[in-house]
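Shown next as C-alpha cells: one chain only, the form predicted alone.
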Amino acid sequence: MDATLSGEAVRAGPAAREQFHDARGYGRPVGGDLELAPVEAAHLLYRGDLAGVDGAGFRAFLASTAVSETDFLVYKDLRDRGFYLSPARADWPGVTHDVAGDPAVDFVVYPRGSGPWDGDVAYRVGVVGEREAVPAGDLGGVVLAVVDEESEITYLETARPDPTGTSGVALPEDADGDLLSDRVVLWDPPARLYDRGFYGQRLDDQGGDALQLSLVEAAHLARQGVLDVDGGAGAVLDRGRAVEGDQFDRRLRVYAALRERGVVPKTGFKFGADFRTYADVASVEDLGHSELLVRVLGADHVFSPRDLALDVRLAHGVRKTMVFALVADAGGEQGGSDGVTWLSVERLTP
C-alpha cells in the first residue's frame, strides 16, 4: 500500500482506514481515506505495512524533514510495549483541545487494551533529546521521554504535588541567640524548639543545651518573632544574602512554605539538594526517614535532561522522591499563594 505526503499529514486510501485505524488505532479517518501523522506513517513503513510515501521507503522517509527520529524512537518503543498512542494533534481521535494546544505534549498514550476510541488516557508524553533544554514551567502532568545519544529511552513522570504533613509545634515567645558568620547559636533554647519542632541541631550530642540554627532556620524564626539576635531579623537576612545571594530568599520562602504546610525541612546537603523533609515529626526521638529531597529553583528555570536524570536517580537510590520548588520572583504571579510551585519527578517504566 502506498501513501502520499500532503502538508504535515500522510494520506492513505480507503483500505488503510479499516486495516490501520479500525484494527490498530493509527491515524484519523478523513472522508473515506485515512490521514496519518508522519511518525505513524514512519512506523508503518518500518513494519512493512506501507510500501512507501510518495515512493520513499522507511530509510528515506526517516532521513527526511517530515519526521523526527526521536519521536519515531519513542513511538516505536511504546508500540513495542503494547500501547496504542496518538500524536497530540488537533482533531486526532482521543486528543482533547487542551492537549493538542500544549507544546510540551507530543503523544497521548492509552491504557493497554484501550485505544483512541475508549476515552481513557494513561500518559501524556513529551519527547526530548538528552541535550535539549526543558523549561520547568512545561512540566507537571506530563511524562518526559528522554532519548539519549545511544537511542536508549528514559521515562520521567512529572507531577505537581501538594506537600503536607502533621509536623508542628507551638513556638516559644522568645529565644536569645548569637549570630555567627554563617549560623546562629542559642545557648539556652526552649527544649521543645528542637525536641518537638526539630529546629536546629544540638551543639553537644551528649546532652548539652546549646542549639545551632542554620541561617535559613534562624531567619524564619526571627520573622516569626521567636528569635532575638543583635540587629534583629534584618541582620540574619543580610547575613544570609551575603552568603548565598538571591538564592537565600528563595530558600527561605520555600522553608517557610513547608513549615506552614506542616512539613519539617532540614538540610539536604548530603544528597546534593537544598532540603530533605519530614512530614510527620512527633518527636526527634522517633524521627523516621525523610521522604522528599527538595531543590529550590527560580520559576523560569530551564532543565537539562541529564541533570534531571541525575537528581532522580540519586533520590531513588536513597528511597526519596525528588521535588523541585519553583519560586516566583518577588511580585510575580506564578505559583501558589506563597509564590512556590511544586514539581515532582520520578522514574517511570510504562
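The numbering used is simple: start at 1 and walk along the sequence shown. A quick note: this is a predicted structure, and the numbers were derived from the prediction, not measured.
The protein also exists as the form predicted in complex with a further copy of the same chain; that form is not presented, and the subsequent description refers to it.
- In terms of contact with a further copy of the same chain in the predicted complex, the residue from 91, 162, 150, 174 that brings a heavy atom within 4.5 Å is 150.
- Comment: a further copy of the same chain is not present in this chain, but in the predicted complex one of 99, 142, 273, 169 has a heavy atom within 4.5 Å of it, namely 273.
- The stretch among 216-224, 229-237, 112-120, 133-141 whose residues place heavy atoms within 4.5 Å of a further copy of the same chain in the predicted complex is 216-224.
- Using a 4.5 angstroms heavy atom cutoff to a further copy of the same chain in the predicted complex, all of 58, 266 and 295 count as contacting.
- Contact between residue 196 and a further copy of the same chain in the predicted complex is not found at the 4.5 Å heavy atom cutoff.
- A residue is said to contact a partner when one of its heavy atoms sits within 4.5 Å of a partner heavy atom; residue 69 meets this definition for a further copy of the same chain in the predicted complex.
- Taking the partner from elsewhere, residue 260 is found to have every heavy atom lying beyond 4.5 Å of a further copy of the same chain in the predicted complex.
- Taking the partner from elsewhere, residue 314 is found to have a heavy atom lying within 4.5 Å of a further copy of the same chain in the predicted complex.
- Scanning 39-68 for heavy atoms within 4.5 Å of a further copy of the same chain in the predicted complex gives 46, 58, 59, 62, 63 in sequence order.
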